[in-house]
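Before any questions on how it binds or moves, here is one chain, the form predicted on its own, in structure tokens.
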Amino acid sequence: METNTEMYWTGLSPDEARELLVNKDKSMKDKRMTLKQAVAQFIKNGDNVGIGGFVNIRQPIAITHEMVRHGFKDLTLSWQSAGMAPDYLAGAMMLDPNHFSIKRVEMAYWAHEAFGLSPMFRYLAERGMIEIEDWSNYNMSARFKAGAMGLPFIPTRGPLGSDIVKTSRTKVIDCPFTSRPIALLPASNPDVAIIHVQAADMYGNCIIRGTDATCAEIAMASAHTIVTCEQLVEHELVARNPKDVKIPFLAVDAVIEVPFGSYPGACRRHYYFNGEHIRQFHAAANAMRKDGSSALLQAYYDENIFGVECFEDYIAKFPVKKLLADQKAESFNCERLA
């Protein structure tokens, strides 16, 4: 953690991030690798990890499973709104903080809308086990935007008139042009971003359908980006419609094709979320939060994460009929909203 005139950076400093981007290899090279390789190569203890997706949509679940198997210490997690991805990481910390631990979270929302507040968040927060910096969705998006632009901060009116000024590193100054108060938000430059998309080519050009969820900004703001995709497609297919590329190859360091890589969350045009499985996972965490019993949560991790070699083995545990039903449910939604 670097201190600079009362401002501290919980990931890269803006100068470090800019230098890394300038010196980054921007050649179009084959970036395909396995999840094990990507997680081991690009994530290290103490990193600030930027998480893409939104709540239960396009969460990088496959990557978080591999992170849990690998084990990391003292991570900072940064996101806009998320649910299942930080849940898997936090659940691992609940079970064994010596194997996996989170030091700090910087976010706007850690919950599941229809499924309620994350029980993992409640467990860690109620026990004072993590530092929490509270922002709004817009504020976190703006912070990633500043990081992507190579700026140390970004001016907004967002925090003014709210308690966010009291819970964050927001600085309020008199605007040099209007003399009225303006809030300055520190840039967010994660050490590594973890993102799931619908399609990508082997160079890292990514296509996102539905909400962008600030994923492009997180990728451009980070020193490294690991991308999983539902489909790995030929570069020529991507090049036909360059406007479809939401994240350019120069921001991406690793590409892994992982069908159902957001499951049991949802992925636009591919599958709807599995509410029954999400509730099962949360029930196990709630049992530990309420009475300290870790048996259900440990059994879940032993069966679904530690007991498998790869994410494909986890997906294989779901009945084919259920996977097809969730695909059909999303197909129905796409047709209805087309």
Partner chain sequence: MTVSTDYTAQEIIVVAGAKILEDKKVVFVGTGLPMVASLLAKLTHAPGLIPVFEAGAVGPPLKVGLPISVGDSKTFTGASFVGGLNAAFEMTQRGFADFGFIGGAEVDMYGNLNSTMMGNFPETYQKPAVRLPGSGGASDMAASCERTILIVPHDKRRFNEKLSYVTSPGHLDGSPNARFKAGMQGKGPYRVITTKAILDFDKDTNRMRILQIFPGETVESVQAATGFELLVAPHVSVFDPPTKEEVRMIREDIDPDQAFVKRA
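Fair warning: this is a prediction, and the values are worked out from it, not measured in the lab. Residue numbers count along the first chain shown, from 1.
Keep in mind the form predicted in complex with its partner chain is missing from the figure; the text below concerns it.
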item: Partner proximity in the model of the complex: residue 281 to its partner chain, non-hydrogen atom cutoff 4.5 Å; value: no
item: Residue 235, heavy atom within 4.5 angstroms of its partner chain in the model of the complex; value: yes
item: Exercise: residue 189 in contact with its partner chain in the model of the complex, heavy atom 4.5 Å; value: yes
item: Distance check, residue 28 to its partner chain in the model of the complex, heavy atom within 4.5 Å; value: yes
item: Heavy atom distance at most 4.5 Å to its partner chain in the model of the complex, all of 75, 261 and 296; value: no
item: Stretch in contact, per heavy atom within 4.5 angstroms of its partner chain in the model of the complex, of 253-261, 90-98, 67-75, 237-245; value: 237-245
item: Stretch 140-178 - residues with a heavy atom within 4.5 Å of its partner chain in the model of the complex; value: 141, 142, 145, 147, 148, 149, 150, 151, 156, 157, 158, 159, 160, 161, 162, 163, 164, 166, 167
